[in-house]
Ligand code: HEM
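First, one chain by itself: the form predicted alone, in structure tokens.
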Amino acid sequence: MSDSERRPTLARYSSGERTNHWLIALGFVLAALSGLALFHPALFWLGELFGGGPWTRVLHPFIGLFMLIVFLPLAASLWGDNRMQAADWQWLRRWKDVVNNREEHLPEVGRYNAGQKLLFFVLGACMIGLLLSGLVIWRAYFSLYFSIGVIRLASVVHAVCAFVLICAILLHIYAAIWVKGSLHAMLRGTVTPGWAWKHHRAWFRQITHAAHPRTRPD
């Protein structure tokens, strides 16, 4: 057994949370590609991935519902860890230290930092906006109950929410690559004590019940 395999690790995500996360990722990719195909004629060729234009139009709303359904249990399980605290606002005010990786100047972080928490709420808000606006413009079932003005407004809201969601997910992917070890946590479910100490020290103290506040892992 190699030294890396013998290193102590801490559980960060359960198998259920990881499965849920990757199902959401799958739903997001499919919803984004099918939505872009319907958004502009220049991107209509993406519809070929779903069997052509008519099938793309049929499948897109169901893919969106799938993404929302798998997002809800994950959001419910992580809600408590994503509530904003006083230290989170202090963390945000020190954004220059964040982007320059000067974590020693930042307040201790729990399971999620303030940026991750804001992303969580942005995702939730976009999901709600996409659901409500999507129902209005879902031509096969609901759009006949709304006026053309409401449908046009809902179309704009749907596009804006989709744009914000795509940007947020791209930022999420960049951050996962930027902070070494984050992607491994979502793939394998574990992190090293050193990673937890460096990036989420308050969470490290909580889960290890550190007896001395200055205890530092190897």
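Since the structure is predicted, the reported quantities are computational estimates derived from the model, not experimental observations. Numbering starts at 1 and runs along the sequence shown.
Keep in mind the form predicted together with this ligand is missing from the figure; the text below concerns it.
A.B. asks: Each of L36, P61 and A162 having a non-hydrogen atom within 4.5 Å of this ligand in the model of the complex: is that the case here?
C.D. replies: Contact check passed for all of L36, P61 and A162.
A.B. asks: Given that the partner is absent here, does M67 sit within 4.5 Å of this ligand in the model of the complex, heavy atoms only?
C.D. replies: Yes, contact at 4.5 Å.
A.B. asks: Is there a heavy atom of W138 no more than 4.5 Å from a heavy atom of this ligand in the model of the complex?
C.D. replies: Yes.
A.B. asks: Does G134 reach this ligand in the model of the complex, with heavy atoms at most 4.5 Å apart?
C.D. replies: Looking in the model of the complex, residue contacts with this ligand include G134, since a heavy atom lies within 4.5 Å.
A.B. asks: With the cut-off set at 4.5 Å between non-hydrogen atoms, does I166 touch this ligand in the model of the complex?
C.D. replies: So I166 counts as contacting this ligand.
A.B. asks: Between A175, A32, L26, L46, only one gets a heavy atom within 4.5 angstroms of this ligand in the model of the complex; which residue is that?
C.D. replies: Of the candidates A175, A32, L26, L46, A32 is the one lying within 4.5 Å of this ligand in the model of the complex.
A.B. asks: Please determine, with the chain shown alone, which of 88-96, 113-121, 126-134, 74-82 has non-hydrogen atoms within 4.5 Å of this ligand in the model of the complex.
C.D. replies: It is the stretch 126-134.
A.B. asks: Suppose contact means any heavy atom within 4.5 Å; which members of 87-106 contact this ligand in the model of the complex?
C.D. replies: Stretch hits: zero.
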